[in-house]
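Presented as structure tokens, the chain that follows is alone, the form predicted alone.
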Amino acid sequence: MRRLLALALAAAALAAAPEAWAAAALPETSMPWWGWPLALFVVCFFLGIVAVPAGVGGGVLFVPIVGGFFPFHLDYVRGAGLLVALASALSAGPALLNAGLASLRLALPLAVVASASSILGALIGFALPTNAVQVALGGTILAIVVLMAVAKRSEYPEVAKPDAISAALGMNGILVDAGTGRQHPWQVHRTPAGLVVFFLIGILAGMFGLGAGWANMPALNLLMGAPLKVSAGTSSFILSLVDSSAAWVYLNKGAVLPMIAVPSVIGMMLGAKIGAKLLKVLPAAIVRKLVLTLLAFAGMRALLKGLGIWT
């Protein structure tokens, strides 16, 4: 019932004054205003399908692809990208907490730092010229491709001793393996370095409207030593807080248009449901290579578009 109500409200928001939103978001094009939301829905539906098996959030795919290949102003794309990432994180958050796969004690200190810096990142993004943001976005996406290609994962990292900050804040817990029933106590270290990294992650998330799951997981797992499943669950919870903070800046600036955000969120969420089912049968490694290729192409497109080479 709640889902039907949310879809009804979204449809009502989309139907209200569409021509005004289209005039604000689009240059003069031959396509009718309703064609662009329909195209967005279709594209985001397929992005949602591949995002789940590839182990990436929808936001990191949405912004470079829609910003590079749709005629929307980049500010509106970044605002919608935050809502796309936020919707995915919020839908998964409660289940992860109930299953013990997300840790509030681990997430909250990091989320506070990243949330504050995401507001700073959003303000920086609005202060810079669009071409400069486009170039920076292209460079960041290409760096993400490299990071995702070379980053390794550790199921249960070894942490001999927690640092003083993590011990004081109680950043530890017990992970119960659902398959075997075994309990795996865990703790983290290098918390000061983690806080610095999450400060930088927040700036990138706010500046470009990217979901930061691609960065949260390596930071939690490889840098701080949290188990892989705890890193994935806690990353989603942190993402919901960080993107909420940055989204308010975009809302205040008028950079969130329902014509772009509504079909994008609905398409991504529906696609993610199918992607979650296909996760059991699709080879994740092949899908991941496809996503990396897609991101590399979109990042190069954003870089060249910002430089005025490919417009």
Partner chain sequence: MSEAVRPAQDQARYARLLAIGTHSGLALLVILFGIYMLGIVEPHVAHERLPELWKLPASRFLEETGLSGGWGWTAFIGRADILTLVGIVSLAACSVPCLLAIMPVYWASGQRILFAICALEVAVIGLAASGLVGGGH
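Positions refer to the first chain, counted from 1. No experiment lies behind these values; they were computed from the predicted model shown.
One more form of this protein exists, namely the form predicted together with the partner chain; it is left out here, but the text below deals with it.
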Interface membership of A102, the partner chain in the model of the complex, 4.5 Å heavy atom rule: yes
Residue contact check: S240 to the partner chain in the model of the complex, 4.5 Å heavy atom: yes
Partner proximity in the model of the complex: P37 to the partner chain, non-hydrogen atom cutoff 4.5 Å: yes
Heavy atom of L86 within 4.5 Å of the partner chain in the model of the complex: yes
Candidate from V133, A232, V197, A111 lying within 4.5 Å of the partner chain in the model of the complex - any heavy atom: A111
One residue of L128, A116, A193, L228 in contact with the partner chain, assessed in the model of the complex (non-hydrogen atom, 4.5 angstroms): A116
Contact segment among 213-221, 198-206, 169-177, 133-141, judged by heavy atoms lying within 4.5 Å of the partner chain in the model of the complex: 169-177
Check all three, L90, W248 and M259, heavy atom within 4.5 Å of the partner chain in the model of the complex: yes
Sequence-ordered residues of 181-213 touching the partner chain in the model of the complex, heavy atom within 4.5 Å: Q183
